[in-house]
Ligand code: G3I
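A single chain, nothing else alongside it, follows as structure tokens in the form predicted alone.
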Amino acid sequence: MKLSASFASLLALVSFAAAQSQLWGQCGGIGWTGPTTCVSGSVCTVSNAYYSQCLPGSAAPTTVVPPPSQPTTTAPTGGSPPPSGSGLDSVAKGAGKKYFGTASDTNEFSDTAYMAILNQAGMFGALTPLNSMKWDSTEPSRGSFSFTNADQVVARAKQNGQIMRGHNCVWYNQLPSWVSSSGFNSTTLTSVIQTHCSTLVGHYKGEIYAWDVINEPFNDDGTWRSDVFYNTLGTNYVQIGLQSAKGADGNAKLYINEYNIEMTGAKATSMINLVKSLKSAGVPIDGVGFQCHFIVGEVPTSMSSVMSQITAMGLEVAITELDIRMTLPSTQALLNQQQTDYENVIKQCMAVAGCVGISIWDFTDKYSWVPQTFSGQGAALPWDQNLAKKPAYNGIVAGF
């Protein structure tokens, strides 16, 4: 009998632990149906009526119940309440935005634990392919198109009820050599751009919410980037790409996507002036994407000002590739600052009515591009290498 009693006690302890949220996990909020207590060493802390999180602390596990003053029928300012089991997209929509999305691609689709998060209802409302729609993937040789991987991303978005952002048509990078080293004259290169953009966009006609038609046209000092497109066609290549995309899908939103325009300065001014010139020439342009690849503790504070100048011209804007990297190893202080930084980025989008949505550049450090690109840096995303939520997740929720 002693052995049986001990075994029963052990089972009870295991069951109790399994019913608790881990550190950084969700533990409460309106509509939440999961665990409402936290593992030892963490405390269930209210962020808002819709989200409570297990944060580090020495108190005993705590159960959090939404306060009586915030019943389930009460909506946050600017929208409807998130549905049951709400994630980041539900919170964003409840705050009046169109979507909160992520980038992903087919090489990650075999990761079952990863896909459970990507497919979670209400977590991500938009999907952007990391690489499978870029030129080297879709037209590796002239006139020979391949959409196998990109089709899988679009199919996944459809299955999950997520809108698609197309990325991208014309970019100086990840170009096949038949384009970058072609020596084409202006007439031929114009035809090449028209064929590529119209075929790519036309293949997904009616399935893509917005296209990053032109990607990264400027240097950081605001001058035009020297590449095969600009060197051959001057600034006309932008118009050629946008008009080709418009002709292939008249309902898709057409964007120019760029980094380091998130603060006032020469590069942001060049983007604003480009939009003005395109608008005045009647060239189709619907939005500007702010990539937002930031560094912890260095998030610009003037992004909403730049966004407002663009939306004042009748365009929408979006945060298209958000991540906030740090020098490794991560520390609690850096993670806390990252949480604040994510919150402040979201707040700047919230301050601009025409900022329609936010996408992070993948959601887990496990697949982040940062460590391979910036030596000694990483931990840039809201989920860690083990797919556990970090404080940054709570910062995003607080920002909305």
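Numbering starts at 1 and runs along the sequence shown. In this text, all values refer to a predicted model and were calculated from it rather than measured experimentally.
Form predicted in complex with the ligand: not shown, discussed below.
Among heavy atoms of Y204, none comes within 4.5 Å of the ligand in the model of the complex. Though the partner is left out of this view, N131 does reach within 4.5 Å of the ligand in the model of the complex, counting heavy atoms only. Although the partner is absent from this view, W171 contacts the ligand in the model of the complex, with a non-hydrogen atom inside 4.5 angstroms. By the criterion of a heavy atom within 4.5 Å, E316 is excluded from the residues contacting the ligand in the model of the complex. The chain is drawn here without the ligand; in the model of the complex, the stretch among 35 to 43, 343 to 351, 361 to 369, 327 to 335 whose residues come within 4.5 Å of it by any heavy atom is 361 to 369. For the options K158, R225, R142, H293, the one in contact with the ligand in the model of the complex, meaning a heavy atom within 4.5 Å, is H293. Only one of the listed residues (N215, S244, S90, S270) places a non-hydrogen atom within 4.5 angstroms of the ligand in the model of the complex, and that residue is N215.
The partner is not shown here, and in the model of the complex the stretch 234 to 267 never reaches within 4.5 angstroms of the ligand through any heavy atom.
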